[in-house]
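Structure 1 and structure 2, given next as structure tokens, are two forms of the same protein chain, each shown alone.
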Structure 1
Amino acid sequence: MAEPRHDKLFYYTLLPFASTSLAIVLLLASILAVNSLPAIERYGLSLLTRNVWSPVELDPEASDYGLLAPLLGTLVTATIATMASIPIAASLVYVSEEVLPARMLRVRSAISILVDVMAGMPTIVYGLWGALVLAPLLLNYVYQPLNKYFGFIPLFACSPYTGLNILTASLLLSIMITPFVFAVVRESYTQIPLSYREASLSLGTTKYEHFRIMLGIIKPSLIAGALLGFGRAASETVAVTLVVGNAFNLPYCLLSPGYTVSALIANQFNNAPLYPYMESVLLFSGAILLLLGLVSNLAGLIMLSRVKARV
């Protein structure tokens, strides 16, 4: 049967708007790629393997750049944040969908609204709270005891002189991305067929066992939430810049200040035109962030499609 004419008209009317997002991404990627060429031609792939940041204003040949520290800092902070956000998000889903009875619908709605508010809160608010409240608390009650009693572990071996470090940035990011992970997991959890739930409960499972079985059904959703959260954490700028410490150190110790790619761009881009190749290097690092975000988000969408096919 032929497609109705008004449906075709509706499709072709919306197609340009739907294509806008793809066009913007392609345009952004091409701009970053073109402007990254001078840095690639000058330093090659050693930009990814060397830890140096030595701009010289008057002598282009003396300038030297390497992105190893911020790249590793981005991967470490985003990974820790993702690993911390998954159990928090799963716990929120458990409370809202299994612990609270159906008659407490308002409480369930309040939890969802609170999470939505957290997702929409400006990142500068998170950053200020992290720098002024979270960092001092962690320094006095977490980092110093960690260094004192577990200093033999390399990750906690450095003395925590300040609360602005890699671990603080990771924990702050975990709070920021939890709403996104929660939304993905909860959406899939509520779509589990009632027959699956009844089959699980008919076996005499406890609430914990029942929840584990339900999570097993939507396991790809957990992975998708983790991937989407990872991409969100890797690209965060303002909040991380305020709490990561902004020191060009390799992240071998979580209690020392570090750097991320987004923080590097935020701190250095205003001065970049004054130094040879610096602007191109920063745009190259932005291209890496774009690629990382695209890969993680596409992988997350693929995992979500698996969940829809399963349930």
Structure 2
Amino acid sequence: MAEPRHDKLFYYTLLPFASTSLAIVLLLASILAVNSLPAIERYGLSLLTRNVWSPVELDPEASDYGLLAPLLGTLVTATIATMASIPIAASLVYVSEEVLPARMLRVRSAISILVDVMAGMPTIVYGLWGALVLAPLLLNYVYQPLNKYFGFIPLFACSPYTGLNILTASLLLSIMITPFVFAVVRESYTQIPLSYREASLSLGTTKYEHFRIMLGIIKPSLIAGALLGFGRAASETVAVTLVVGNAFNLPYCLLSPGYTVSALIANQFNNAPLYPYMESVLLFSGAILLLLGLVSNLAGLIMLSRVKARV
């Protein structure tokens, strides 16, 4: 049977818009790839393995770049942020789904609205709060004791001179990505069939045991939430630029200032055309970010489809 005419019209009007967004992503990836070629040809793998940033105007021979510090900074901050956000998100889910009785539906929805608002807040707000409030607080009440009593652990060995460092960036990021992890985990949690819950409770489980079993059922969604959160944390720019310290310093110690890839691009891109190879090096680092985001998001989505299969 032939489709009605207006359906076809509808299809054809929307097709260009739908395909445009796909085309833009592909175009973006290819432009990043093509433009990072000069840097790759010039510096090769050493772009990834050295910590140098010495651009010299008008002198391609003397200009030298190595992205090790920002690359490690991105991986470290995003990893810590993700690890910290999972327990926060899981306990939020526990509170809103188990502690609060079902008749307090309004409170439950208030929590989820609040978390949605957190997700939608401009990142610059987080950044300013992080730099002006969180960093000094952490420095005085967390980092200094941490260094004093746990200084034997290499990660806390350097004396914290400033609150603007890798750990502050990580913790700020963990707050920023918690809403996303929460949304993913909660979504799956509410989809667990009632019969499973009843089965677990009828065994006489304690509340803790019950929650453990429920979380076990949706474990892939925890991993998915973590992966999606990681992708977000790795690409967050504005807030991180304000709290990470922007120093080309390898993040061996979490209490010293560092750098992340996105912060580097935000800082340096404006005047990059003035320096030989800098644009290409920055686009190369952007390509790595894109790749990182793509892999973690894809993996996250695959995990999510597994939860759907389970429940």
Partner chain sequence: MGLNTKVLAAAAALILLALAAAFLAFRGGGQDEIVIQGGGSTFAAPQVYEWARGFSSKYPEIKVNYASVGSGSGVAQFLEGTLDFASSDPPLDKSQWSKLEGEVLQMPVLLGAVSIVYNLPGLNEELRLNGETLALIYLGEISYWNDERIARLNPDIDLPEEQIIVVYRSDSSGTTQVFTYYLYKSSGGLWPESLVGKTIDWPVAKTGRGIGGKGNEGVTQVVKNTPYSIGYVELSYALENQLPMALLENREGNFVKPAEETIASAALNALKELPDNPLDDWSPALDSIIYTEGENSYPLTSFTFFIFRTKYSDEKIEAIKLWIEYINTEGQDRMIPGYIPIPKEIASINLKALEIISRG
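Quick caveat: nothing in here was measured; it's all calculated off a predicted structure. Counting starts at 1 and follows the sequence of structure 1. We call the rigid core whatever largest set of C-alpha positions still superposes within 1.5 Å between the two forms.
- Taken from the form predicted on its own, structure 1 is distinct in origin from structure 2.
- Annotation: Cα of L294 displaced by less than 2 Å between structures 1 and 2, core superposition.
- Core superposition places the C-alpha of F17 3.9 Å apart between structures 1 and 2.
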